[in-house]
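Presented as structure tokens, the chain that follows is alone, the form predicted alone.
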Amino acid sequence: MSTLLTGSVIATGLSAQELGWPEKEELKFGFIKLTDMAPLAVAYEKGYFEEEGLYVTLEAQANWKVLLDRVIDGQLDGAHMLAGQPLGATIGYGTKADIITAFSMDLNGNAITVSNDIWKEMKKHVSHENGKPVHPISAVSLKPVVDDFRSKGKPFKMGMVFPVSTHNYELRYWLAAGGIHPGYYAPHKGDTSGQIDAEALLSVTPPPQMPSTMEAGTIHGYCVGEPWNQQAVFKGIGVPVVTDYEIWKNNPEKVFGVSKGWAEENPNTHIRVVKAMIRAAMWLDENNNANRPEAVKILSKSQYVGADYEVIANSMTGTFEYEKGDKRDVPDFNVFFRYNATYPFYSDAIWYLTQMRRWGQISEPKADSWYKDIAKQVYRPDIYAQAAKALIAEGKAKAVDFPEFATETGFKPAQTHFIDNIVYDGSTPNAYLEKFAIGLKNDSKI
């Protein structure tokens, strides 16, 4: 048991008894081999879990479906999840289950990569300055390539990691902003292909298999997290054309999810898990990312991401390489704590729900109040606040590092930094959907 949990009154006035002993000490958490699982690996390697009296096993999972199923059936106590997974499960898209999150794991961290052949054709339509492409690159430059495929009767295929993944929605967002229809879902008709009316056909591929699947010619490009875009550069098989930071600046990404039942049975354990992960996120971003080289060494271990140090470092240490040799500074490509990255904002949850509605995964129109109710069922800033306040009381964090809990509404101000300049206000989801030329809105159905 950690000395933190001796039960003595901490100088700031918070005792271990007040916080509560962990109901369950031995825990198993799942993750997918991506760099944004870093808060879990760092919390383990730096002893933050143990300082909370928690003895954690981290276990890589084969794919996102297996990971979610194992949380639902209790084989895992919690997991690194796609932000859409707790929301999708709660509304019954796919497996119905009550999953909650009290911790957002990161901002940004994804990119869209195309094969060398596709890039060769796209490049003809991309503006250049001083011999280099001007970023961000719009899907407008991809549209002539897709149109050429269609005129020849050939399908244009791209990979994404899961139907409710950030990557699916980001790829769809980018394609649609460039005038390329990514297709609809129609679950009420038994069609979960997501390819109704599609000009580009999207399908699921596990993240670590993206580069090899593209190299084999099965897909022409993909949207995935790191290090699998940079690996395409290192292998010389493809070119990342746009990062998700360029599609939506500081977009919310993965979350840490647990079942609602587990959270109710283990409230103190849950708070302590969140405490440990907040500390890990702080360590990852502190001193202007000074700890990132050490983090890359941790992540390159075979039990975590297991990719070469150089491949992971390419995006984790403040840079991002597009075309081979075109490495640019992108200090916020991976954000783990800055900008309240770990706080579970309701407005982040609502953005995911709007995309589910836009592409037909939610087939019926919903009132604004429905979006807000679901967000509040799944995203739990109340649990996060308890963990943060404990860290502040223990002197391990400062109040200024967190939102002002007394007045925080859970809704970010209207966000303006999207590649298509459309403004997102989480308090008015239906009005937001009306702004898109492509996608379901109002009473429209498939």
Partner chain sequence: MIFNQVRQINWPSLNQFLTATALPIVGIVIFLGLWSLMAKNIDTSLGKFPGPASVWQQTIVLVDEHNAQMDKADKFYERQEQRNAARLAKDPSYASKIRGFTGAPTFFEQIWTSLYTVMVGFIVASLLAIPIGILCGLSKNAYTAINPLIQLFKPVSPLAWLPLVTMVVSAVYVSSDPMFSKSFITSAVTVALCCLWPTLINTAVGVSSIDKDLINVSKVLRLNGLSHVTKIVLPSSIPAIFTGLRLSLGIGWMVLIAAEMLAQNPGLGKFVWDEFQNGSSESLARIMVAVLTIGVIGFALDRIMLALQRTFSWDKSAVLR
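Note that the coordinates shown come from a computational prediction; the quantities given were computed from them, not determined experimentally. Residue numbers count along the first chain shown, from 1.
Separately, the form predicted in complex with its partner chain exists; it is not shown, and the next lines address it.
Phe256 falls outside the set of residues with a heavy atom inside 4.5 Å of its partner chain in the predicted bound form. With a 4.5 Å cutoff on heavy atoms, Trp228 counts as touching its partner chain in the predicted bound form. Among residues of the shown chain, Asp117 is not one whose heavy atoms approach its partner chain to within 4.5 Å in the predicted bound form. Contact check for Pro252: every heavy atom lies farther than 4.5 Å from its partner chain in the predicted bound form. Of the residues Arg328, Lys301, Lys124, His128, just one reaches its partner chain in the predicted bound form with a heavy atom at 4.5 Å or closer; this is Lys301. Comment: its partner chain is not present in this chain, but in the predicted bound form one of Ala89, Val242, Ala307, Met282 has a heavy atom within 4.5 Å of it, namely Ala307. The three residues Lys260, Pro381 and Thr409 each lack any heavy atom within 4.5 Å of its partner chain in the predicted bound form.
Exactly one of the stretches 388-396, 410-418, 373-381, 22-30 approaches its partner chain in the predicted bound form with heavy atoms within 4.5 Å, and it is 22-30. Of all the residues from 32-52, those having a non-hydrogen atom no more than 4.5 Å from its partner chain in the predicted bound form are Lys33, Tyr44, Glu45, Glu50, Glu51.
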